[in-house]
Ligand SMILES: C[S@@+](CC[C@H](N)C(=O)[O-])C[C@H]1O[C@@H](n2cnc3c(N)ncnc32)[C@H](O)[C@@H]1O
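A single chain comes next, written as structure tokens; it is the form predicted on its own.
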Amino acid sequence: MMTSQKQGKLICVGTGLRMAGQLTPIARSYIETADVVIAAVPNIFARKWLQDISKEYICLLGHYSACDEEGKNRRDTYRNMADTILAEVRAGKTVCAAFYGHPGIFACISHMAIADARAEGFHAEMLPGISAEDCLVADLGIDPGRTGMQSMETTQFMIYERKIDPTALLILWQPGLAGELSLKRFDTTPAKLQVLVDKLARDYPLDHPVILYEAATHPLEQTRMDTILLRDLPKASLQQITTLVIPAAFPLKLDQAIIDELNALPETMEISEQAA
């Protein structure tokens, strides 16, 4: 007599920045009903809350201690975290992997785990969460649609040839790790920040105001929204969660040739009538 074996399943959810009000109902439902919740959530109160409402809880944060070992880098740590998630899926469990903010934004662990699970024939999906960018837009009163928005990781911006448009908003994530190429440290130095400033100075005046942003993660915490001059960035205090927000430095300039080309086109109604 053959017995049916339970199929493993992976759901990656985001807890938002302020869990009490930013966890979606469907994410909470998966957290409460999954066989096991595996989480990488730094806030101690959020972790306690997850432990209380889940059937079984596994914390991934202990893997970060491996970064202190000689020769270990963050990629090894992230791989180990993804493998921890996959082990539970392979055991036939419904696994809810919970991540701070949005599970797919600056969260390579979830992407690795989902790709591996799907490659092995398991059902795996990601549900959106409220990210640091969502909080940033609300807290700073920024409309990305007004001038357009560019968004990238700070070290990526530094080491690749990127074309920046200074007439649009620029968001640089993780400036607190600026220029850290070893993948073994979780900080930067004033010298590396100066390299960042020098590159930004190709497109922005050194006296251009920029904003250091850190979203509040609980009601008693203050949101950081410090405005400084670009030239002063190397002297600023930066954390891993700090985001560098660079408003547009110059006004948008009309492309008159394109405008003239568009105005010279026949009206939509005329095109429709000809097609009919």
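Given the structure is predicted, the values throughout are model-derived calculations rather than measurements. In this text, residue numbers run from 1 along the sequence as written.
A second form of this protein, the form predicted together with the named molecule, is not displayed here; the remarks below concern that form.
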Touches the named molecule in the predicted complex: Tyr213 (any heavy atom, 4.5 Å) = yes
Would you please decide whether Ile105 lies within 4.5 angstroms of the named molecule in the predicted complex, comparing each non-hydrogen atom pair?
-> yes
Check whether Leu200 has any heavy atom within 4.5 Å of a heavy atom of the named molecule in the predicted complex, and answer yes or no.
-> no
Mark Gln174 yes when one of its heavy atoms lies within 4.5 Å of a heavy atom of the named molecule in the predicted complex, and no otherwise.
-> yes
Is it the case that Gly101, Ser131 and Gln240 all touch the named molecule in the predicted complex, with a non-hydrogen atom of each within 4.5 angstroms?
-> yes
Just one of 131 to 139, 184 to 192, 117 to 125, 89 to 97 has heavy atoms within 4.5 Å of the named molecule in the predicted complex; which?
-> 131 to 139
